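Quick setup: one chain, the form predicted alone, written in structure tokens, and binding and motion questions come after.
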Amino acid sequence: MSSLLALLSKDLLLEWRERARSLSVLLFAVVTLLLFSFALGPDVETLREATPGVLVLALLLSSTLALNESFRLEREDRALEGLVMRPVSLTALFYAKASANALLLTFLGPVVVALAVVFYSLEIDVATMTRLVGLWCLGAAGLAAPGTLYAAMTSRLKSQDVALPLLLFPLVVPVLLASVKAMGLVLTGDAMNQLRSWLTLLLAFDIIYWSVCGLLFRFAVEEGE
């Protein structure tokens, strides 16, 4: 745990020093919302129905931008090899990296959801907005764990920008579907009480990804080194 906290503090400090990365990820998500708001037109009902899908799409696209950069510094000057040779658990390294990526995506949630309320003319109360932010955070967690694993695997490739989405997108389809359906039920109403089922599915895949990817990370790093 001490190694994990130390590595997480290091990653968060680097994020703070290189705030341009966080701002670029946020700008990418905002531009995605803005472009789809123009594409869908002025119809309020259409905008409301499309909001869950656009929010999850903004999360997915911005996550690939964040994940592509998560191992860049570790690959410079062979810093990752230095971490592997030190008495630091690779499991702690994975969970520190995944937690940092999840926090970065989570911090985008309130901003992006608030902008979606404005861009898509949503008339919602604070409780509904809080639920949307919570679902965004669960979706971010479901993307961060497998995304961190694949970012480590593809960080040595010159075509990482292409390889990472190709590997990540098919794996996280259950998280994306559950997030879209849950957000849709929060916005349009849950007459048949389906929200609990989709929320359970989302939580289940979050737990599976964070458990399995933590076990596989050691093999991905050791094979690469």
Partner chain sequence: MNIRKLLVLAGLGLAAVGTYFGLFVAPPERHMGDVQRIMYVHVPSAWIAMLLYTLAFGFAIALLWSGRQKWDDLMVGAIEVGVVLNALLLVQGSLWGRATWGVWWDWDVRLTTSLVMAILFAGVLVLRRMAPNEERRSQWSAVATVVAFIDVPLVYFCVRWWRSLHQIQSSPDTVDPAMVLPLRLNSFGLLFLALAWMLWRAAIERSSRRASEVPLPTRVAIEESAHA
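Numbering follows the first chain given and starts at 1. Note that this is a predicted model, so its numbers are computed, not measured.
The following text describes the form predicted in complex with its partner chain, which does not appear among the structures shown.
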**Message:** Can you work out whether Y150 and its partner chain are in contact in the model of the complex, taking contact to mean some heavy atom pair no more than 4.5 Å apart?
**Reply:** yes
**Message:** Taking any heavy atom pair closer than or equal to 4.5 Å as contact, tell me whether W210 reaches its partner chain in the model of the complex.
**Reply:** no
**Request:** Answer yes if any heavy atom of T188 is within 4.5 Å of a heavy atom of its partner chain in the model of the complex; otherwise answer no.
**Result:** no
**Request:** Could you confirm whether L166 comes within 4.5 Å of its partner chain in the model of the complex, counting heavy atoms only?
**Result:** yes
**Request:** Within 4.5 Å of its partner chain in the model of the complex, counting heavy atoms only, one of 53 to 61, 23 to 31, 40 to 48, 191 to 199 shows up; tell me which.
**Result:** 191 to 199
**Prompt:** Along 157 to 171, which positions have a non-hydrogen atom within 4.5 Å of its partner chain in the model of the complex?
**Reply:** L157, S159, A163, L166, L167, P170, L171
